[in-house]
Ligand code: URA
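Let's start with one chain on its own, the form predicted on its own, as structure tokens.
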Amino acid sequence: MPEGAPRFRASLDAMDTSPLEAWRDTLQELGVMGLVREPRPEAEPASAPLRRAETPSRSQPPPSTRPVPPPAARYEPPADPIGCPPPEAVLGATSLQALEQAIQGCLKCPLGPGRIRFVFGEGNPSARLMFVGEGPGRDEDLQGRPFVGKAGELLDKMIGAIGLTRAETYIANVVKCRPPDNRTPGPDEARACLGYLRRQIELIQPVVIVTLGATPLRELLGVSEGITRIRGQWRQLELGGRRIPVMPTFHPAYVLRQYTQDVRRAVWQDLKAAKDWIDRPTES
């Protein structure tokens, strides 16, 4: 019997009480322990992979260390009478030409330094019908004239449809300088120019004003309702001791974007009503 047999049998007998330990001991006695896989230490749980949102960026510092941009510098208008025309120069202008000379160097608001041309307005200085838009666009800024782009071409056709020419009317805007990206003028920008527009109206003394879009209606009359709801409804502007009827209608740029039969019919009705008003016989 082999030398390790007694212990082998003893190990087998011991398996009744501790079979796993006896099996291990027996294999050790026979020198075949290498066949038994050594117990591996418990592996530490692998850390969860970083989610994409948690992966630190190499190009950006942590949020807590990001530099805070400085606040935008407040625009300070010049104090000289050319860059900031005084009210007495505006009210003292007795003609459109004199008014334009008094205000064409205006830098009251941030729009002034960014303009190419000052867009005063043009037309008949004694026009019975006056159009007031929002502000110059790219083409107007280049040429120094109001409504000369695509919207201006449509406005000319609208005026012709009621039997008038552009030269018989007067066309101006709330602001005289182009807002960046043709955006709507801000309240401060509109306020800086509003006195100029009001003086233009006083000098022209139109019988009817047609406002184009929501901005002139809001700035001239304080009406903040949407133009879709208010168009075609007569309003009044009290200025210089006069009450001037105001007809709100869509801006030509809006008509170009929404070139539907309903929109075109609405504008036609508004302009026809304005034309009928100026054609009414004057009271003797």
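From a predicted model like this one, the values you see are computed outputs, not experimental measurements. Residue numbers here begin at 1 and follow the sequence given.
Keep in mind the form predicted together with uracil is missing from the figure; the text below concerns it.
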Kindly indicate whether G137, N173 and H251 are, all three, within 4.5 angstroms of uracil in the predicted complex, using heavy atoms. yes
Per contact check vs uracil in the predicted complex (non-hydrogen atom within 4.5 angstroms), the hit among 128-136, 85-93, 202-210, 98-106 is 128-136
Partner proximity in the predicted complex: P146 to uracil, non-hydrogen atom cutoff 4.5 Å: yes
